[in-house]
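The form predicted on its own is given below as one chain in structure tokens.
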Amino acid sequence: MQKIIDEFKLHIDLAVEARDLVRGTRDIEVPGVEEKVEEFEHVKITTISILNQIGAEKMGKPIGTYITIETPPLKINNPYVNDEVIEAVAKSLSTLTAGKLGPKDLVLMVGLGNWRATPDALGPKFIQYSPITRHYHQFAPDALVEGMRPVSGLAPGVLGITGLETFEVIKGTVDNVKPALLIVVDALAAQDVDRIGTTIQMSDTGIQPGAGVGNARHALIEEELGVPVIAIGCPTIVSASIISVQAIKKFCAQGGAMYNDSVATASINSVLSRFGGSLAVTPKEIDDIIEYTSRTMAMGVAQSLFPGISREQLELYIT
């Protein structure tokens, strides 16, 4: 797998996949990395903490905390599963924001992505289903439920639509609005088709938009923006090269053939060369995946930001 990732210059968005790649078949512990796993009825929560530079270099990710929520497919829209995922998202976000956010502090939520391309529309959809309250604090405070903090939402689009770099839009907004915390939501790329619509990752290390599809933009991190950045994402695509190598390996294993990494890589490369060596694949149910995942993530984040306020009340402030 590492050869394919290197050959096609794939970015590993999910910390659990980076951990698995580093561990390999020996399943050894990664120096400088700690892991905690919690299992519930429908949800598994894995917390990976990269403690130092050694761990960061091994994992290929910044020092920080990465929380992965694994669940049955959200496209099925099972209310019992969704409730548990919402609670898991709320709990995980509260863990990541501990000590960084006061009860009345302003939060800016940003939904990254292209609303014209369904697999990339997770961020804008998340903003659509999130309670937005900052303007009520300014113009109609009596319309707020007691205890609601100010929250703003932004979906800056992509360079090809707006002519503006995402970082430029967010930096300008942060400088003027001055939030205490930035929550950034984006679609991710996975190295396993089973993770599409079943995995949510949250981290306190910020995000580099477009990295998963080889179009990395300016990083959205605390050092650049001046405020803590929480990144939340869900995989919506998988590289065709990854699917191809997995299919070839399975064919060889079931057919008793010898798998040759170099030959497989060269063959995949020749087929994908017309696409510049890169082709992203998404399932036909992606509309449902984006719809239900964005709703579930938005409510989980809302429950963390507005503790003690019912879902019915929160839904009144969705724009």
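Numbering starts at 1 and runs along the sequence shown. Note that the structure is predicted; figures quoted are calculated from it, not measured. C-alpha atoms forming the largest set that superposes within 1.5 Å between two forms make up the rigid core.
The same protein also exists as the form predicted together with another copy of the chain; that form is not shown, yet it is the one meant from here on.
Of the candidate stretches 90-98, 226-234, 200-208, 154-162, only 154-162 has residues with heavy atoms within 4.5 Å of another copy of the chain in the model of the complex. The contact residue chosen from Val37, Ile63, Ile54, Ala280 relative to another copy of the chain in the model of the complex is Ala280, the criterion being a non-hydrogen atom within 4.5 angstroms. Residue contact with another copy of the chain in the model of the complex: Pro79 places a heavy atom within 4.5 Å of it. Taking the partner from elsewhere, Val43 is found to have every heavy atom lying beyond 4.5 Å of another copy of the chain in the model of the complex. In the model of the complex, another copy of the chain lies farther than 4.5 Å from every heavy atom of Arg19. In the model of the complex, no heavy atom of Gly147 sits within 4.5 Å of another copy of the chain.
The partner is not shown here, but in the model of the complex the stretch 172-201 reaches within 4.5 angstroms of another copy of the chain through a heavy atom at Gly172, Thr173, Asn176, Val177, Val193, Asp194, Ile196, Thr198. Superposition of the core reveals a Cα shift of 2 Å or more for Tyr259 between this form and the one not shown.
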